[in-house]
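Before any questions on binding or motion, here is one chain by itself as structure tokens, the form predicted on its own.
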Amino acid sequence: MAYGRKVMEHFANPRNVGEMKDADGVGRFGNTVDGDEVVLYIKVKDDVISDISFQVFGCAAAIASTSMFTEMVKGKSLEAAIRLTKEDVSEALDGLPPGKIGCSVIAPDALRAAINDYLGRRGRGFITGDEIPPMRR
């Protein structure tokens, strides 16, 4: 399966790219299998992600899926955003080639880290696997 139109669009024209200097939370997650790594920056207002940006080192699927993911979570509550899965991102992109979902769709894991960073900075505790449904892999 080749990359589809949506994947190529988000790869060629990624949304929300760049470092956010005044982020409320920052999360980093990497995949040791193929070296993809993403850093997500979030701004939060009233427990809603008001802005999000990213930096990614990885393949076309990693760039496209992170771009799509940022579009999907912007404006969502922290609770709703953290429930999005790798499969949700793949579906929004109209699918990814076999083997790319697990290794390149790493933004949901980076978001968990960013939300935990945000909550930790405010002394509000952390999100663990017990508070949210397990991510489908």
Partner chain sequence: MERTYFDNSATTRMDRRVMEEMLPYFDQRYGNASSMHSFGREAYDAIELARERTAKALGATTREVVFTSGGTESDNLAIQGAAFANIAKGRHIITTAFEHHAVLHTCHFMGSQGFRVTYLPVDGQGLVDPEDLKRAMTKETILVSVMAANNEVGTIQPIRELGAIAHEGGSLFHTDAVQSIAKLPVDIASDNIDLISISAHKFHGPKGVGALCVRKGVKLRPVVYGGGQERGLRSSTENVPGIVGLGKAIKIGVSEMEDSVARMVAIRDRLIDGTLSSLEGCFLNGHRTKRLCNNAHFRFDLVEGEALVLSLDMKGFATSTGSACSTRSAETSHVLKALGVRPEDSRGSLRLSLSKFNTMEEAERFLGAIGEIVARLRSMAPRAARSGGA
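Keep in mind that what you see is a predicted model, and the values were worked out from it rather than measured. In this text, the rigid core denotes the largest set of C-alpha atoms whose superposition between the two forms falls within 1.5 Å. Numbering follows the first chain given and starts at 1.
Below, we turn to the form predicted in complex with its partner chain, even though it does not appear here.
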| property | result |
| --- | --- |
| Which of 42-50, 26-34, 86-94, 73-81 sits within 4.5 Å of its partner chain in the predicted complex, heavy atom basis | 26-34 |
| Residue contact check: residue 63 to its partner chain in the predicted complex, 4.5 Å heavy atom | yes |
| Close approach of residue 56 to its partner chain in the predicted complex, 4.5 Å, heavy atom | yes |
| Stretch 2-16 - residues with a heavy atom within 4.5 Å of its partner chain in the predicted complex | 2, 3, 8, 11, 12, 14 |
| Post core alignment: residue 87 C-alpha displaced by 2 Å or more between this form and the one not shown | no |
| Flag for residue 31, CA shift 2 Å or larger between this form and the one not shown after aligning core | yes |
| Closer or farther in the predicted complex: C-alpha pair residue 16, residue 32 (3 angstroms or more) | closer |
| Change in CA distance between residue 54 and residue 32 in the predicted complex, which is 3 Å or more, as closer or farther | closer |
